[in-house]
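Next up: a single chain in structure tokens, the form predicted on its own.
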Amino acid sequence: MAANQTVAKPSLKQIGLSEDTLWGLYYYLMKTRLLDERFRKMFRQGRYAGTYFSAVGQEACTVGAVYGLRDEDIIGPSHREIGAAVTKGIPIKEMVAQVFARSTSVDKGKTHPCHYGSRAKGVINPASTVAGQTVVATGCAMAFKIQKKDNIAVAFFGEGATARGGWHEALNYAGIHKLPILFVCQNNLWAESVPARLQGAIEKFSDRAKAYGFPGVTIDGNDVVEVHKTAQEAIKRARAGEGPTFIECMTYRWYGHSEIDPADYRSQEELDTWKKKDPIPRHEKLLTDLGILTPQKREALVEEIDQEIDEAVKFAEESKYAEPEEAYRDVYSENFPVRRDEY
């Protein structure tokens, strides 16, 4: 390129998204990253028990796919979908209380950290069993079809989940019945310490969709705009009764499988390469080029989010742990609709 030539800056028309949408995506990217890093810090400070599953580096996959969904739409997350929970609208107070296992959590302190769920926001409690959430989300999609509703379900999983039998059953069933569901694979190249090359003898996991009769596509999972636009197209298909879509988002987690995993099975070169593809600076550059983001607006946003997190942490730490008797509650429904002799 000649010295006197300049690179043309993008326009909203070229991108195909509104300024509000681009800013909304940024807001949730930042909220997810700041909350995630705070959870990591507090774990190392010994402020809660168990462990923690960070999604730093993968935020664009969940934020881009979930942004714009209705409360009535269902998402089936796993343990690394903090971005999906934040973007779907679960209050930060509830999420921090969940990680801290306090009685003020929606689950009343009963489940492992990172199992954020919300009936009000359409978030199924995450499954500890790998790929379990894909089966439940598929069932929700079937219910929407039976009820003739145009709601949709979104199931999240990693590439390792595609080796599970239940995962294949869910996709097969969804394909047969043309269910309104998106299957979103976050391929971060590692299923805990197992590399993707040992999970399947294929280059693109999205090719698996062909076996079940619906489209599959592999995209840059660190480009929140591409993820959002791809998801919106798939959501439109699903709401119109055209069936499922498999979206494989190529991405990378910066830290170990959990905070107790040193991740020494990966090379530093690989990690450094992916850190250069950090989805947040990439989106910040786009917003800056469009004149949407300034250093002052960024600073104000970070301050706003940090304050919300501070208040949520204070709320959680001041909340009580559940009494032992709580373990017996919410196990069975007290309002079972039919008698056993009516089966």
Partner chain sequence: MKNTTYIEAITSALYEEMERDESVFMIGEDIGLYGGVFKATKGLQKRFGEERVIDSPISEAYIVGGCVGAAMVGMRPVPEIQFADFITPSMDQIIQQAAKIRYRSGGQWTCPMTVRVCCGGEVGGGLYHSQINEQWFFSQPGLIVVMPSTPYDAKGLLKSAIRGEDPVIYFEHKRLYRSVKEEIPEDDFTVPIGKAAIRREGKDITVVAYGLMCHKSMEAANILEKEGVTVELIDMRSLLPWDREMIFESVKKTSRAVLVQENTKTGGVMAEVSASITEEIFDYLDAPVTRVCGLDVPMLPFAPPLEHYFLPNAEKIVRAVRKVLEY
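All values reported here derive from a predicted model rather than from experimental measurement. Positions refer to the first chain, counted from 1.
There is another form of this protein, the form predicted in complex with its partner chain, and it is not shown here; the text below is about that form.
Looking at Glu192, you'd find a heavy atom of it within 4.5 angstroms of its partner chain in the predicted bound form. By the criterion of a heavy atom within 4.5 Å, Thr138 is counted among the residues contacting its partner chain in the predicted bound form. When its partner chain is considered in the predicted bound form, Thr111 lines it closely, a heavy atom lying within 4.5 Å.
In the predicted bound form, its partner chain sits within 4.5 Å of a heavy atom belonging to Ile124. Contact with its partner chain in the predicted bound form, defined as a heavy atom within 4.5 Å, holds for exactly one of Ile176, Leu271, Ala240, Val217, namely Ile176. Contact with its partner chain in the predicted bound form, defined as a heavy atom within 4.5 Å, holds for exactly one of Met250, Val96, Ala234, Ile74, namely Ile74.
Looking at its partner chain in the predicted bound form, residues Ser118, Ser128 and Glu326 each place a heavy atom within 4.5 Å of it.
Annotation for 136-155: interface residues with its partner chain in the predicted bound form are Val136, Thr138, Gly139, Cys140, Met142, Ala143, Phe144, Lys145, Ile146, Gln147, Lys148 [heavy atom within 4.5 Å].
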